[in-house]
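So this first bit is one chain, no partners, the form predicted alone, shown in C-alpha cells.
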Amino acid sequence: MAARSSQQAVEKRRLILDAAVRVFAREGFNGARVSDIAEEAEIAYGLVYHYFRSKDEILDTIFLERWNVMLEAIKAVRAQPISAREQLRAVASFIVESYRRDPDVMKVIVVEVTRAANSFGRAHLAQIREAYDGIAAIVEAGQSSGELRDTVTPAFAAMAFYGAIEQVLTGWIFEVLPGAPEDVDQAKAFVIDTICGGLDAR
C-alpha cells in the first residue's frame, strides 16, 4: 500500500510539472498562475501546494531536472574515447536534440529561467559552473593534445560554446531562425565549426 501511495505521489508530481511546462511556455512565468497549472493538470488548486510551496519552486524544479540531465550527458560524453571536437559536437547535439524532443521545456529554461538569471544564478551557481567546467575540461584536453589551439582559455571557450547554442535555441523559439529539421541538423555543425574552427582565415 505504501509503495502504491508513493508511486501515485510521483505520478501526481510529474503531472503538475508537465502541466506547468505547458502553461509557462504558453503564458510566460510571470503571466501564469498556480490556478492555471491546476486547471491544465485537471487537478484541484490546493493539490499543487501539496507538492510545491510556490510557482517559483515549480520553475526551480523544472530547471534542475533538465540541467542535471545535461550534466550527466556531459559526463558521459567526456568518458568517450573520441576527439575533443567530437565530444563538443556530441554535447551540442544533445542540447539541440533536447529542444527538438521537447521544445516547451527548452523554451521555459531558455526564456523564463534567463529572465530570472540573478536569482537562479545565486541559487544554483554550483550546478551552472559544473556544466561550464565540464565543457571547459573538454577544451583543455583538446588543447593539451594539440588538437585545439590554446590562444583562448578553456573557460572562455566554454562560455562561448554554450552561449552560441543558447542563442540558436532563442532564435528558434522566437522564430527568427529557420527551424526545419535540416536547419536544426545544420545548426549543430555550424556551432562546432564556428567555435572550434573560428572565423579567421588560416
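In this text, residue numbers run from 1 along the sequence as written. A quick note: this is a predicted structure, and the numbers were derived from the prediction, not measured.
Same protein, other form: the form predicted in complex with the DNA, not shown, and the subject of what follows.
* To do: Give a yes or no for residue 145: in the predicted bound form, does one of its heavy atoms lie within 4.5 Å of a heavy atom belonging to the DNA?
  => Heavy-atom contact with the DNA at 4.5 Å: absent for residue 145.
* Answer yes if any heavy atom of residue 50 is within 4.5 Å of a heavy atom of the DNA in the predicted bound form; otherwise answer no. => Answer yes; at least one heavy atom of residue 50 falls within 4.5 Å of the DNA in the predicted bound form.
* Does residue 176 reach the DNA in the predicted bound form, with heavy atoms at most 4.5 Å apart? -> Residue 176: no, not in contact with the DNA in the predicted bound form.
* Asked: Taking the shortest heavy atom distance, is residue 46 within 4.5 Å of the DNA in the predicted bound form?
  -> Residue 46: yes, in contact with the DNA in the predicted bound form.
* Asked: Since exactly one of 70, 158, 34, 165 fits, which has a heavy atom within 4.5 Å of the DNA in the predicted bound form?
  -> That would be 34.
* Heavy atoms within 4.5 Å of the DNA in the predicted bound form: which of the stretches 54-62, 166-174, 130-138, 145-153 has them? -> Result of the contact check: 54-62.
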